[in-house]
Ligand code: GLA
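Take a look at this single chain in structure tokens; it is the form predicted on its own.
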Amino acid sequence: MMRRGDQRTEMAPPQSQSQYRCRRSRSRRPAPTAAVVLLLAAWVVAASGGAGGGGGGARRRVLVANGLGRTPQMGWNSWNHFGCGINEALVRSTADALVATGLARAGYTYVNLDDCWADYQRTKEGYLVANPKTFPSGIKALADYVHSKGLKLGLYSSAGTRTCSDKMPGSLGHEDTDAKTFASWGVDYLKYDNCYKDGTPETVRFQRMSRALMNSGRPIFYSLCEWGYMEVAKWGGAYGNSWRTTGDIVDTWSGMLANIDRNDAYARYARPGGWNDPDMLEVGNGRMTYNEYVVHFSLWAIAKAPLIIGCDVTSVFRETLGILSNAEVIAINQDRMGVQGSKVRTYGNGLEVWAGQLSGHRKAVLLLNRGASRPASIAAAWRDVGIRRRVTVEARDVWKHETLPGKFTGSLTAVVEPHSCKLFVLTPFPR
């Protein structure tokens, strides 16, 4: 997140879209035994080149070896919907809702507090403490509750003297103390922002927290929120499990596409253990249509982006839940090969083809119509998506949950409505 002055202005969603959002809240305003953190690191070499494969032969720097993030992280974060209006009752009810709605079973396991959870100043001993008004029971008790639901708790800080809201201290100069504090509370995830910095390069400040977390005595997923400065994708894998490649997402069609386009430039740097992050999901927050949210979720899935829900799951509409819990789309995102799909063909009038390699010799293919005026026929040619010319495939429409009749050789073509997409999994035939 950037400073609050950079955030969008609040506005009511159009009435025609209200059924596709999460209902807005009326008011906007013992820990597990410490696991031994792996200390071994290995050089990771990019997969071989190929369309939509995230290859290109780029050598990745030493991967942080905490054993986490073998697939993109899934969970919930408070910021997009609630901003600073969070408290322990909200977080507990969110954990309950993730379980009750089946979202936890679908893979959304992290419950992440963003900015504004801590008191305004550190204690006289130099420790972070929870805001006593909004989190009177403290973070340890909250983590215990979240863990009791089979979920994991995440916190937020900044590689600066203050966090982006300026409502709580940052961790600059306190990395070791804060990492050990987080571990003692049973925290499982840290989102680390980039506000109120001191002029020290990001590569230095984010590395300090990485080392502190590795020495904390507990595996903690490390999410770098550096906003894409200094081409973080090229060095983020040395320190963290994911890294923001963009500024803050905006809950609009153009804003969402701008983030995924910028993220796409770094596809070859994503691997199991470390992921490009175009920011959290806006699905359900009400400023895009149902079809636009389907596109949003589909692009994040094929791009192996973190799937972090950003709406109020305690009061979620059926259509929103249907998008977020689509098991076939999630399976593309969580595929064990961990190859980020990318844009492989651009036609005129905003028509695009995205593709990515999946396990079992399969391909994920997304046909996208960015245009606002009319339906369009979009063709995915085998040469573009990385399939040999004479290979025949079956095509599975993962939003309709049906396999298309017949077999396809050479290309797959479909008519796509404006501001919509089609998402397929192509499987060689015979298998």
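Since this is a predicted model, take the numbers as computed values, not measurements. Start at 1 with the first residue shown and count on from there.
The same protein also exists as the form predicted in complex with alpha-D-galactopyranose (GLA); that form is not shown, yet it is the one meant from here on.
Contact with alpha-D-galactopyranose (GLA) in the predicted bound form, judged as any non-hydrogen atom within 4.5 angstroms, is confined among 293 to 301, 257 to 265, 186 to 194, 333 to 341 to 186 to 194.
For the marked spot (A305, V329 and V365), a heavy atom within 4.5 Å of alpha-D-galactopyranose (GLA) in the predicted bound form is absent from each of the three residues.
Contact with alpha-D-galactopyranose (GLA) in the predicted bound form, judged by any heavy atom within 4.5 Å, is made by just one of D115, E175, E88, D312: D115.
Put simply, of Y222, W354, F182, Y156 only one has a heavy atom within 4.5 Å of alpha-D-galactopyranose (GLA) in the predicted bound form, and it is Y156. Not displayed here, alpha-D-galactopyranose (GLA) is kept clear of N285 by more than 4.5 Å at the level of heavy atoms in the predicted bound form. Under a 4.5 angstroms non-hydrogen atom cutoff, alpha-D-galactopyranose (GLA) in the predicted bound form has W227 among its neighbouring residues. Remark: S165 counts among the residues lining alpha-D-galactopyranose (GLA) in the predicted bound form, judged by a heavy atom distance of 4.5 Å or less. Of the heavy atoms in M280, some are within 4.5 Å of alpha-D-galactopyranose (GLA) in the predicted bound form. Applying a 4.5 Å heavy atom cutoff to alpha-D-galactopyranose (GLA) in the predicted bound form picks out no residue from 324 to 363.
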